[in-house]
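A single chain comes next, written as structure tokens; it is the form predicted alone.
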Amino acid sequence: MAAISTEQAGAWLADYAQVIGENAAMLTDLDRQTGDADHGSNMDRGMKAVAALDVSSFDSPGALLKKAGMTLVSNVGGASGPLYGTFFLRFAGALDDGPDDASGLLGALRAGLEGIEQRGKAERGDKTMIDALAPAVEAFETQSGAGTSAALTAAAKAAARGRDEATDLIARKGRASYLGERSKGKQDPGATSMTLLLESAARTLGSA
């Protein structure tokens, strides 16, 4: 048995799809300042396709999340599709193999982070989604002994802090890196959408 149920995984994806839809214009505006002005629209299209998946047709949360990852890869343009797709694929694989408690969810989050690092050839401090996800994984680990709900809440708060701290960094990866010094002071759209993902997880997976 996995750390979360298939129904919880479906609720997470549905909640995130709704949040992305509500924030698509904001994400696109952030991307307009540093990139191709398509992060919000791309993610909205991808998550709409994910939300259309029939949760009841999957026999495990890992199977659902793997399909979500593949759906994002095929429906989201730019770098976001491969990166978020890789996150969910790695997360799903670790979830299936891990224990059915908070440590299982921690292993899945860590696997997702490692997947993004490898796929994007980026690290913390490059001003990417990693600057939100890495501190979130650390916070989850610190609070995992207090249970899944507390750990996810801590992770979401850490992601938001990481997102805000990255705003003052100079981008070293992606289209934003072309701006050089001018990227300083601009909020990273990837770190923003990643924070939304972790906040969604805290709302929907907290009872795992």
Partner chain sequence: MIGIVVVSHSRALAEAAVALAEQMVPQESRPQLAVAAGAADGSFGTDASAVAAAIEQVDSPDGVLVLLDLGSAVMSAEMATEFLDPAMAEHVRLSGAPLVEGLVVALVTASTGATLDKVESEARNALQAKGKAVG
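Positions refer to the first chain, counted from 1. Since the structure is predicted, the reported quantities are computational estimates derived from the model, not experimental observations.
Omitted here: the form predicted together with the partner chain. The next part is about that form.
- Taking a 4.5 Å heavy atom cutoff to the partner chain in the model of the complex, the contact residue among Ala49, Met70, Ala63, Val55 is Met70.
- With the partner omitted from this view, the residue of Ala102, Leu83, Ala94, Leu113 that lies near the partner chain in the model of the complex is Leu83 [heavy atom within 4.5 Å].
- Arg45 belongs to the set of residues with a heavy atom inside 4.5 Å of the partner chain in the model of the complex.
- Although the partner is absent here, Gly120 sits close enough that one of its heavy atoms falls within 4.5 Å of the partner chain in the model of the complex.
- The closest non-hydrogen atom of Ala134 lies beyond 4.5 Å of the partner chain in the model of the complex.
- The shortest heavy atom separation between Ala79 and the partner chain in the model of the complex is within 4.5 Å.
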